[in-house]
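Take a look at this one chain, the form predicted alone, written out in structure tokens.
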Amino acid sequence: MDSRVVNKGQLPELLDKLARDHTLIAPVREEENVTLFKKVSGASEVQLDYITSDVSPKGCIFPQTEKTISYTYTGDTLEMKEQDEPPKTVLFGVRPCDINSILALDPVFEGKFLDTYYLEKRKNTVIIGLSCSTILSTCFCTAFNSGPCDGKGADLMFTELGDKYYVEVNTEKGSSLVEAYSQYFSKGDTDKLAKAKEEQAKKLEGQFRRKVDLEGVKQVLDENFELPYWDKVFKKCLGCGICTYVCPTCHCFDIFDYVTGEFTGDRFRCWDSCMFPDFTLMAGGHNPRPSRKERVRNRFMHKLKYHLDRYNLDGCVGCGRCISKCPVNIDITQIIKDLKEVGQNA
């Protein structure tokens, strides 16, 4: 792994140049206290001191709504036009938990049936991570083999250390970007900064208030599908679906056609939620998850078991958004604790 140094004072100029040369997506502050990732025109719009964005940056690779094809019926044939290749994009300022979530999404879309819409955007996107500097009370990424300064999955990983950023160059895409903007990336005293980063990471890891132990939880779920425990949990749930929309690893979607003219139309893909009653409703009227109990159970089974079964990757990254946004305070860390007790008392 290579490493570089960027002077803090030069970062705005670097971001301005990236915005001119690419589509630059970065954290921005909207209204008074909402942070999300959007296309920016330069450094002045970028919110560098955010902690966790309200909505994850997965939308730049897996958009909430996207047009997939346009079609025209001529009477004899149906002509379909695929969307243009996505632009070269730099996704800047991604926290480690959200980088980890993109790694969890990759095998979903690059499985037996390749999802070209996702994969083209992924290929054309350089991910620049940004280490955390503050730990929220809802954070628990360390439970999933990550940490506040973990650069795994980022093409470049920035860590703020005083008046400098220590930059880890992790991939060829990252190396190419460094080469293209070499005037901002110096070799500097990277060994000293690497040690400083390690010290900062240890300090931050000591600030986590949620101590989450996953040992034995999957085994409980493997062996106990019909747990009476779910009869208790689901009664709090409103079925609003907010947990799935703020979750960086949720990937359910729906497809619909929109008629634009007598013989023309567009096909769209949009996020959906397994917490909605009609998500699993079949054409014949049967619904395998007819109540909130089945839907709540499925959500936590997916996060803690199914994703692991399919991809050998956790379905949760410990970002804590579902905890902070749930209107009735359903807490996945408490559910993990309860499931451990079920296993110990079995």
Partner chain sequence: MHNPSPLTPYPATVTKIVDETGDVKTFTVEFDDPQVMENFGNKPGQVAQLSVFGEGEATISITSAPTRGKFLEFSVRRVGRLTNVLHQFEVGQKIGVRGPYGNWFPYEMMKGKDLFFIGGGIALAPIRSLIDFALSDQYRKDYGKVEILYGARSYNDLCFKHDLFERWPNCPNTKVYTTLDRPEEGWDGHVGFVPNYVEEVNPSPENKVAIICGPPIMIKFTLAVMEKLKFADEQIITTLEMKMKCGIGKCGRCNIGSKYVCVDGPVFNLAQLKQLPPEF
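Positions refer to the first chain, counted from 1. Since we're looking at a predicted model, the values are computed, not measured.
The same protein also has a form predicted together with the partner chain, omitted here; what follows describes it.
Among residues of the shown chain, D189 is not one whose heavy atoms approach the partner chain to within 4.5 Å in the predicted bound form. By the criterion of a heavy atom within 4.5 Å, Q47 is excluded from the residues contacting the partner chain in the predicted bound form. Not displayed here, the partner chain is kept clear of F300 by more than 4.5 Å at the level of heavy atoms in the predicted bound form.
Looking at R310, you'd find a heavy atom of it within 4.5 angstroms of the partner chain in the predicted bound form. Taking a 4.5 Å heavy atom cutoff to the partner chain in the predicted bound form, the contact residue among S175, T134, Q219, Q83 is Q83.
Proximity to the partner chain in the predicted bound form, defined as a heavy atom within 4.5 Å, holds among G206, G75, P228, G162 only for G75. Exactly one of the stretches 180-188, 94-102, 249-257, 146-154 approaches the partner chain in the predicted bound form with heavy atoms within 4.5 Å, and it is 249-257.
Residues C252, F253, D254, I255, D257, V259, R267, R269, D272, D278, F279, T280, L281, M282, A283, G284, H286, P288, R289 of 252-289 are found to place at least one heavy atom within 4.5 Å of the partner chain in the predicted bound form.
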